[in-house]
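Just one chain follows, in the form predicted on its own, and it is written as structure tokens.
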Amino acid sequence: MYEIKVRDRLMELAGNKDVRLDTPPDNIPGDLSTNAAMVYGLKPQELVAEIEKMDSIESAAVVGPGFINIFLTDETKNREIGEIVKAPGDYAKGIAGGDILFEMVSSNPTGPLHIGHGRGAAIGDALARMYEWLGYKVRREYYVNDRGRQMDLLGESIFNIINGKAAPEQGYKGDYIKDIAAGFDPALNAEECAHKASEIILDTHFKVLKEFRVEYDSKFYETDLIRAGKVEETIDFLKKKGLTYKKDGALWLKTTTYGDDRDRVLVKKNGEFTYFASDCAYHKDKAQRHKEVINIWGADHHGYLDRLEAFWEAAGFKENKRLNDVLYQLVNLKRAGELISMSTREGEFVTLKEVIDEVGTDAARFFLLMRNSDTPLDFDVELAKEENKRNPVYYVQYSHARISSVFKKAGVKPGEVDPSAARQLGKEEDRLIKMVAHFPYILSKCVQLNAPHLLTEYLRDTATAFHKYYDTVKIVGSRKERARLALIMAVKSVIKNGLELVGVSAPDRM
């Protein structure tokens, strides 16, 4: 993994600061490029001299206002391909480590999952897979908000239906509510209706998520926090630290001391815990179980982050625990050029299950990961169903299937490829070698930035590089057949591994 080694050395030279590495485009000479000298005010020529001391480096040169282009030895690049061929399923595995908890989706059990929840599930699960690949111990958890006003409205909606009444004005509507209510005993009260309905809905959530290739290690119920006294325990903990005060009959947390724009209520004047109080207790519990916590939440939580981070610091977790919040923007689902409403209460929504059934899990997951999470996403249903190079997931999968067909034509099984043959690779393979070797660095950036879309971009670029290579270079029957089979074996492995990490299949035939 020469690119990681170069990156790490550059970080040392930059005072252990983050350093960006890029693979230059075809029209720019060099195997790697960095702007480290400009970003950190280093002297470019001195940085070049240090870089050239590395065994893997042929040379380095300053370009433009301070970019440094790095040239690796052919031996270094070809050896990288050979190492991948030796253990194709282990490339970049276990190069880091840690302990991390993912909370993702955590939709209120009041209605079916929609495509927006699917985006959160795809982002969270892809990141969890990447962290695991790199060597982290990962736990996926689903937090169940099974109390509060939304649960009351669910119970009232079901209760009214089974008793022949109209749904409450702010209640839940739609066919799914009628279907659930159809099997309920009219003797149930609203609270019992809410509990029973929420369990049915939650069970459906997990079935759909499993079909979406997202599975959980645990569920955590808000009501369990309260029954176990963890909310009261957390409030007492904050009181003892002198971080609370009484005002207007309510108990407040001094979140402004830690950067929030105003203090927040923990206990209402009627004695009821706020959602924030439960979230504080839940995050305290998570911090006691794990070194790092990542929350995958919708953009509607943006205004919630400051108060939660204020609690995290007030509780003393910031010093040795990490809290990361990944917010994702809305998904605009397109059908015949028109956007579809997804209002849960009115029942006018397209469920995640419906999207999976129409375009398949592969396309649904890949499309939901093609943009940065902080950018709204347009999901083109018709494009997701196309079987041609316009469809990004089809294009990437086809590259994997195409490589499989090359091996079949050559009469060679991928496991029979000689790793040492990679030593014969030359300049015509240079671009593809660099793309393959970029895989560990891309994974490291995905987890550093919590940005899984970087991997889908990489897969598309690698597929493009392979298709271009395939169309211009003879592989089977050529003088360098053995070397080129080694190279495309490495390409096949990074594409397969990358697709696995985003939760998409890698077919051998299409």
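Computed from a prediction, not measured in an experiment: that's the story for all the values here. Residue positions are given as counts along the sequence shown, with the first one as 1.
Keep in mind that the form predicted in complex with the RNA is missing from the display, and what follows is about it.
- The chain is drawn here without the RNA; in the predicted bound form, the stretch among 127 to 135, 293 to 301, 313 to 321, 207 to 215 whose residues come within 4.5 Å of it by any heavy atom is 293 to 301.
- Between the options T274, N163, T76, T223, the residue in contact with the RNA in the predicted bound form by a heavy atom within 4.5 angstroms is T274.
- A heavy atom within 4.5 Å of the RNA in the predicted bound form is found for one listed residue only; from G415, G426, P376, G229, this is P376.
- At a distance of at most 4.5 angstroms from the RNA in the predicted bound form, none of the three residues P88, S157 and K353 contributes a non-hydrogen atom.
- Among residues of the shown chain, I200 is not one whose heavy atoms approach the RNA to within 4.5 Å in the predicted bound form.
- The RNA in the predicted bound form comes within 4.5 Å of no heavy atom belonging to S493.
- Contact annotation for D8: none of its heavy atoms lies within 4.5 Å of the RNA in the predicted bound form.
- With a 4.5 Å cutoff on heavy atoms, V473 counts as touching the RNA in the predicted bound form.
- Residues of 493 to 510 that come within 4.5 Å of the RNA in the predicted bound form, judged by any heavy atom, are D508, R509, M510 in sequence order.
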